[in-house]
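In structure tokens, the next block holds one chain alone, the form predicted on its own.
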């Protein structure tokens, strides 16, 4: 690469947010005809750095050069003018418009949808995308929406593409298709940067890796010259064990029994269709499925947060006594002695109050045990301090409002609080979403400790590799139905992926 002119050369890039130094004199080169994986822990400055390249932030210090010429990028429009496009983790599409309308939305000049559709099909044919220009966004799967976002930046002339966690909610088959397209784009001379926490994807896809730690550039190297362990050690700064422990369940007993559960959304859309399974104490039951297949509704139904059309959800005591949960509100479920802990998808929407500090958010879990809202704050403060210490939450202190923390640190606070409530059933949805590899393994260890203490853990995850290593059994949802239940040990990733996209498989209750 030394003899080539970098498509992008970032030099001494520094960015501060108040007292926080997000990027500290970072040097980074990006080349055409390669896929660069940008790695680092939560808060290491990866997304901030790419947000400056894509015009969302402006650096406090340093320069950016495109093809050897220094440029100034003050807005996403400036970035597009220099051929830079970023595909964010959360899509920016208008649901009621078609793919073609979203792709041309905001472009100057007269709108010619027929010509635009023709150009979109040319781009799709060139790289292997599958997009129907006339399809409405609300009719699309997550992977189709992501494809529209990628085609949108290509349509606008981008040849330097940044993808932030591009496989977060894709099945293995959808990930394979995305990787094939990205390789085609690389071979056509595009410069591609992916931000990801999934080491196996880095090894499978990237040509080169660049690593940030605490906002500083640590180094880069060809992917074939390194491995997952070495990359992780460089990110964290010390050796990290990459083996997820999976102790065998000890004396598992039925704890939650779901029979014929059927749930519709507020719009009348069928979200769960005749779902039946049993979750055992001292066991991790993994839930696999593409985004929107009913995972959220399943956990909310058990927690008393979701109206149920039909079916039964029973809590089973150690002596076999059953207590029906349907019809009880969440507080009643807690008051009957059933402690259901729920780590929701939307951390600040349902789990935490952004304007409250860490100690007050801990108190949300415990204030009912006091005689009034003006209860003893010492215990929540101690809990907040323990969570900050044990999960290495990056925060100025426990009096900091939660909304000021990064997404990964918010997630640590939420997971720590839920596990600290000493549940008998732990419902956890996407507990490590957005967390770096070191923090993720801390969470896996905490979940395994819950399992060892006899808790029934129902774990909804989006990384199949992790589910196959962590879970004792995996229930696969497809279109709101159970397409199979397989043992965690010995299950094949590709087989589970196929079960996620079509009904079939073996339910081995």
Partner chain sequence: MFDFITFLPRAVVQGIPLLLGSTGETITEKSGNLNLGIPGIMYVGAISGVIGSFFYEASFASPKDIDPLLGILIPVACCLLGSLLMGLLYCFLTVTLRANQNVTGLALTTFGVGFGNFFGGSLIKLSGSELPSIILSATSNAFRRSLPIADKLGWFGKIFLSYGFLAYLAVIIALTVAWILNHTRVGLHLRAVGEGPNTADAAGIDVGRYKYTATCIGSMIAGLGGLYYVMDYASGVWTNNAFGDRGWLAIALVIFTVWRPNIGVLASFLFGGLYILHMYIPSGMNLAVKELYKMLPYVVTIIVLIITSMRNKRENQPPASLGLAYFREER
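Positions refer to the first chain, counted from 1. Keep in mind it's a predicted model, so treat the numbers as computed, not measured.
What follows is about the form predicted in complex with its partner chain, which we do not show.
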item: Segment assignment from 120 to 128, 294 to 302, 275 to 283, 76 to 84: heavy atom within 4.5 Å of its partner chain in the predicted bound form; value: 76 to 84
item: Close approach of residue 101 to its partner chain in the predicted bound form, 4.5 Å, heavy atom; value: yes
item: Contact test in the predicted bound form: residue 268 vs its partner chain, heavy atoms, 4.5 Å; value: no
item: Distance check, residue 454 to its partner chain in the predicted bound form, heavy atom within 4.5 Å; value: no
item: Close approach of residue 58 to its partner chain in the predicted bound form, 4.5 Å, heavy atom; value: yes
item: Interface residue in the predicted bound form among 115, 240, 107, 386, criterion: non-hydrogen atom within 4.5 angstroms of its partner chain; value: 107
item: Contact assignment for its partner chain in the predicted bound form, among 398, 93, 314, 333, heavy atom within 4.5 Å; value: 93
item: In the predicted bound form: members of 113 to 145 within 4.5 Å of its partner chain, any heavy atom; value: 136, 138
